[in-house]
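One chain follows as C-alpha cells, the form predicted on its own.
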C-alpha cells in the first residue's frame, strides 16, 4: 500500500460533486441494527470531490431513519474529537428536514468503507464534502413526509409546512407528527432530484447558529466513552517497550524480571516494521508486557532488559541537521514555482533583504494518549479505538493478524484530541496483534512518554527568504527557499523533497502581487517518523512569510496591514497553475470551485483591523502584531496583543481572529475551533521536540510544555464573516497566522525580531 493514499491534502480532486439517495436493501437494513424498524429509512450515496485513495468515484453512505415515535436517527460517519463534526453534519440534515433537534438521535458508524465510504476525519474537509448531500437528504425526507400528509388530507403539498417534527396545513388546521406519517411515507417512491427543493438560508433554525455538541453533557459529566474507557471481560493491558531509535531492531531481550512483577501475565515480542522507513500504518518493533492492570504492565516494562541494534539513525542530532538544512537554503534548490525573471541583475535591483527562519519538530501531544482495545476470537477481530480514520485502522488491524478486512469490525470511540495523530493506525495494529497472540481481549495503552517518544512528528524546517525593492520602494522580487523532511519519507526513504501537496500548504499559493517570484525546495532526509499535524506545513510557511512581510513593511515605512492590502491588489481570482512546476492540489478540490479570491482575504484583513481597533492600539503604543493566511480554503486574519505582568511574565490580553469559511454552519464550533487553535498555536510557538543520538529528549509535559491556563490568551475574539459561499474547514486554519502575529507583537514589545522557534520568552 502507498501510505500517501491516506494523506488528505496530497490527492487530486475527483471532479464534479454528485450525490443520490437510495432505499437500502433488506440485507443492508438488517446490518444497520438499531435504526428504525418499520419506519422511513433512507440512504445517502455521495460521489464527491475531495481526498480519496484513487481517482475513481467513491460512495460514502450515510443513513437517516424516522421511527413511529418521531425519533429521527442519523448515523454519523465522522469521528468526534472536539470539532463537533458528529453534531454539525446531522444538524444540517435535521434542519433541512424540519426535525425537532431534541428528538434527533445520533449513532456512531463503525469503520466500514463499503457501507460508509470515506470516514477519514482529517484535512478539514468533512463539512465542505457533506454539507450539500446532507441538505439534499433532509429535503428529500421532508418531501416524502409532506407528500404523505398532503395525499392523506387531499391538499396541495405547497400549502403544507414542516416544523418541529410535524407537518401542518394551516387553512384546514390539520397536523401530523413525523411518526404518524412514516408508514405512508415509506411506501412512496423516492422523488426525482429535480423535484426536491432546498430551503432558503433565511429559513434555517440551526444552520448558521450556535448548537452545542451532541455529546456535551456526557463529556462534562464523565459518562462519555473514550478509547481507554472500554472494558471487556478478561481483558489484559499491554504496555510496550518500543525501539528508541527509528530503524532499530531487537537483538535479544530478557523477560525474567518483568514476569516477577505481580499482575504480569506474559511478555510478547512485536516484530514490527523493518528498516529505516516504518510506514504510517505499521507497529514499531518492541516488546509488550501484558498484565491484569496498567500499573503492573508499566512496572513490568521497566523491569525488561532489551538489547537493541540501533541502526543507522542512532547518531541523528536534530540540531545538527537543522543547521545543515539552513546551509542548504543558501544554494540553488529545486524550483517549484516561478514568475518573472530571476537573473541576478534583476534580483539585486534596489534594496534587498534576506532573512532565515527555523522551526523545530512538534509533537501532537493529544491530552488522551493513544489507546486501542482488540478482541480476536474465532477468526474474527473487533476493535475499539479513538481513531480519525476507521477504514485505515481496519486495514492495518486486518494486516496485523492476517485476516480479510471483512472479518474486522472497528468501533469508533470519542477522541480526546486528534490533530492528525490518531489518523495513523499503528497503535490499533499493536492491539490486534497482541490480542491474537494472547487469545484474549487486550488494551494497548500508550503513556505520555510513549506518546512523545514515538509520535509521527511535524517536521522541523529551515527557510530563507530574499526580497528586493525597486527604485520606488515597491517589492520587486521574492525568493523563498524551504526545506523540511517529507511526510512521504516515512514510507519511502528516497523521498528527499516535500511533495507538491506539502508545498501547496502556504508556499505554492503565495498570493501577493510581486513581479518576480521563485519558490525553491531543498533535499532533506527523514530520520524519524513524520506525519501531518494540525495545518501541516502551513505552520512553518506562515511563520516565515508573515514575519518577513512585517519586517518588509517596516523597512518600507508602511503599516503591515496597509502593505498586505496593497500586495493583494485589485479584487481578482488568482491563478497559480501556470507558475507551479508540478501539481497545485488546492486541498483536493477543483480550483474553479474553490479559487483564491483576493476580495475575501481583504475582507477578513479589514474586519480584524476594525475589530481589534488596530489604529487606536498603535496610537496607544500597544504591542500588537498582525498576520493573515489562507489554509484549507479558509481565509483568516489575526491580531495578537502581548504585555508583561508585574513579575515580568509574558501575558496575552487579547487575540482577534476574522474568518471567512463560507457558510459558518455551526457558529459555536467555529468559535470553539479558533479559541482552541490559538492555544494550540501558542503551545507550538513555545515547545520543541529535539533528537540526540537518535532519541527524543523530551519525556513528558515538563519538557514539552503545552501552555497552561496562566499562559493562555485572556480573551480570544472570533469575528465570522457572514457568507453563503460553499463551507470550508475551520479545524486547522486558526493555527498558521497566530504564531507570526505573536512574533510580530513580541517585536513591538522587545525590539527584537524572532527568526527561530521555540520562543524563549
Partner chain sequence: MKNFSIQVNGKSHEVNVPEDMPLLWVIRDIIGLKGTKFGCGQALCGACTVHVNDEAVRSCTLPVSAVGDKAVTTIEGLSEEGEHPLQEAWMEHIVPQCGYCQTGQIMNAAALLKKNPSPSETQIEEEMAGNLCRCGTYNRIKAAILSVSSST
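Every value quoted in this text rests on a predicted model; they were computed, and no experiment measured them. Numbering follows the first chain given and starts at 1.
Quick note: we don't show the form predicted in complex with the partner chain, though the next part is all about it.
Asker: Work out which of 78, 522, 394, 364 lies within 4.5 Å of the partner chain in the predicted bound form, going by heavy atoms.
Answerer: Among 78, 522, 394, 364, a heavy atom within 4.5 Å of the partner chain in the predicted bound form occurs only for 364.
Asker: Work out which of 613, 583, 294, 572 lies within 4.5 Å of the partner chain in the predicted bound form, going by heavy atoms.
Answerer: Partner contact (heavy atom, 4.5 Å) among the options: 294.
Asker: Answer for residue 39 alone: is it within 4.5 Å of the partner chain in the predicted bound form, judged on heavy atom distances?
Answerer: No.
Asker: I'd like to check something about residue 212: if you look in the predicted bound form, is any of its heavy atoms closer than or equal to 4.5 Å to a heavy atom of the partner chain?
Answerer: Although the partner chain is absent here, residue 212 would touch it in the predicted bound form, with heavy atoms inside 4.5 Å.
Asker: Within 4.5 Å, heavy atoms only: does residue 351 come near the partner chain in the predicted bound form?
Answerer: Output for residue 351 is no: heavy atoms all beyond 4.5 Å of the partner chain.
Asker: Spell out, yes or no, whether the shortest heavy atom distance between residue 484 and the partner chain in the predicted bound form is within 4.5 Å.
Answerer: It does not: once the partner chain is placed as it appears in the predicted bound form, residue 484 has no heavy atom within 4.5 Å of it.
Asker: The partner chain isn't shown here, but in the predicted bound form, which of 147-155, 461-469, 212-220, 636-644 has heavy atoms within 4.5 Å of it?
Answerer: Residues of 212-220 come within 4.5 Å of the partner.
Asker: Can you tell me which residues in 703-723 come within 4.5 angstroms of the partner chain in the predicted bound form, by heavy atoms?
Answerer: In sequence order, 704, 706, 707, 708, 709, 710, 712, 713, 714, 715, 716 come within 4.5 Å of the partner.
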